[in-house]
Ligand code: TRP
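The data below hold one chain only, encoded as structure tokens and taken in the form predicted on its own.
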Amino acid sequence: MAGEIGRKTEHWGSRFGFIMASVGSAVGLGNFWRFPYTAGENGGGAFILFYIICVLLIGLPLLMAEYAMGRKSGMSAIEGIQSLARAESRSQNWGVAGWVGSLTSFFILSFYMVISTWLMAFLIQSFGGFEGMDAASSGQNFVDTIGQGEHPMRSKWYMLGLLAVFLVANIIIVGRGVKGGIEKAATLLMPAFFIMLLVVVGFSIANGDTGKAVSFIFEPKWEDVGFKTFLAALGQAFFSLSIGVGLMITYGAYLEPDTNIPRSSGLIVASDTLVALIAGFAIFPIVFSAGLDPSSGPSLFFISMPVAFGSIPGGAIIAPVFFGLALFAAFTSSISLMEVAVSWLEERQGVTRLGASIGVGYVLFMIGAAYVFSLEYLDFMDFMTEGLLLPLGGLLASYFAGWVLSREMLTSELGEGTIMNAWRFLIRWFVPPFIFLILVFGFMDKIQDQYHVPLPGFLTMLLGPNWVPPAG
């Protein structure tokens, strides 16, 4: 039986380290391929305008709420929400909000780490170059690499080995604690990430079709604007900030009392948005220059980009930088997601941080092995997390912060005055209903896409027959 649960005694060593860790958790693979393509297909500059508005009105208030709840409770997401509910004399059943978010982070990590092993495999391949590859041979190379090709078992054991390496790296970082592990890694990896991003962007602009990329991503296309544009922008703003998964509540528990939450949240939102805006220039000028399809989604990384790098001057040099950049983004997100489970185990079950990290890593390896041997599990977990659990966690967290907690509860965290008044209004009247829209429309569209269940007529009319909800 676990003893009395107390507040966190460890804190972030510096504000810079906290910002870097939070930006690292928010910046993921979706910033690279999903945001630029979603913008291009949903009105370009018009979509970006909607996106920024949604980030400010939906993403930023919920991010502030999660940090405030974390610091106020001083505990992980599950225990923290239950603690705040007790302090307000409300039902302990509100702990379900923490459970949904924490389980979602674990499930996302379970398939995110498999995608990361694919990146590791392609990073290794990139040192040998991709010269001579066309779309067909690149597609076959991808199938062979992930263990679905002519020699599947040999490839599967290779992927399992890479998975083990990736998880061991996560265990070492998370097991060393917040200050000595996660923060130290973030302060090294994120500056390196931004340098690599600028290098790839510079190369792409110099060697690709920048004009076509600018037109595709940024030129306002008001004729494409409709209800689906608003929903796509809303979904992208929500999914891109790592909110709704218990992560930012957990990170908030390690904040020092003098950290300004509204200002720090604004910096994190601005950094994530900046990466999303410029990431398109790391990929799409090269894609258009090579005459490839910009709408190929995840396969853009593993099929289209090798073809592009093999066909342009200097591609053999920049390819390792590109895949290393993507791997950095995946790794900083994965250590953040693992922290949610490790933090709870450490405080609730009384195990050491390293022991909790090893235990979580072992379970993740078993699940990852199942994904390696059967990609159907990967598709199902993606459907459940993105379509249902992620927006549900955000909806519960926002409703709890806005309607269950009193204004006085979080005043000490967010301050009093204009910022508090604006935050209180948005977290009550804007954030929950708009996340509900993401939950309903996104889940219905996922069902249609995954199981070919037709949407009702009025939804098809609103969304259009080819609408796809964005992913973070």
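A residue's number is simply how far along the shown sequence it sits, counting from 1. C-alpha atoms forming the largest set that superposes within 1.5 Å between two forms make up the rigid core. Remember, it's a predicted structure, so these values are computed and weren't measured experimentally.
Absent from the display: the form predicted together with tryptophan. The rest refers to it.
So which stretch, 219-227, 277-285, 193-201, 335-343, is the one near tryptophan in the model of the complex (non-hydrogen atoms, 4.5 Å)?
Of the stretches listed, the one contacting the partner is 335-343.
Should Gly28 be counted as a contact of tryptophan in the model of the complex, where contact means heavy atoms within 4.5 Å?
Yes, Gly28 is a contact residue.
Report yes if any heavy atom of Leu167 sits within 4.5 Å of a heavy atom of tryptophan in the model of the complex; otherwise report no.
Residue-level check for Leu167: no, no contact with tryptophan.
How about Phe122: is it within 4.5 Å of tryptophan in the model of the complex, going by heavy atoms?
Judged by the heavy-atom cut-off of 4.5 Å, Phe122 is well away from tryptophan in the model of the complex.
Indicate whether Phe238 is a 4.5 Å heavy atom neighbour of tryptophan in the model of the complex.
Close contact exists here: in the model of the complex, Phe238 approaches tryptophan to within 4.5 Å, heavy atoms only.
Would tryptophan be touched by all three of Ile108, Tyr112 and Val245 in the model of the complex, meaning a heavy atom each within 4.5 Å?
Affirmative, all three are within 4.5 Å.
Can you list, in sequence order, the residues from 59-79 that come within 4.5 Å of tryptophan in the model of the complex, counting heavy atoms only?
The stretch 59-79, when checked against tryptophan in the model of the complex, contributes no residue at the 4.5 Å heavy-atom cut-off.
Under a superposition restricted to the rigid core, does Trp423 display a Cα displacement of 2 angstroms or more between this form and the one not shown?
After core superposition, the displacement of the Trp423 C-alpha between this form and the one not shown stays below 2 Å, so no.
Pro36: CA shift of at least 2 Å between this form and the one not shown after core fit?
Yes, because once the rigid core is superposed, the C-alpha of Pro36 moves 2 Å or more between this form and the one not shown.
For Tyr51, is the CA shift between this form and the one not shown at least 2 Å following rigid-core superposition?
Moves: yes, 2 Å or greater.
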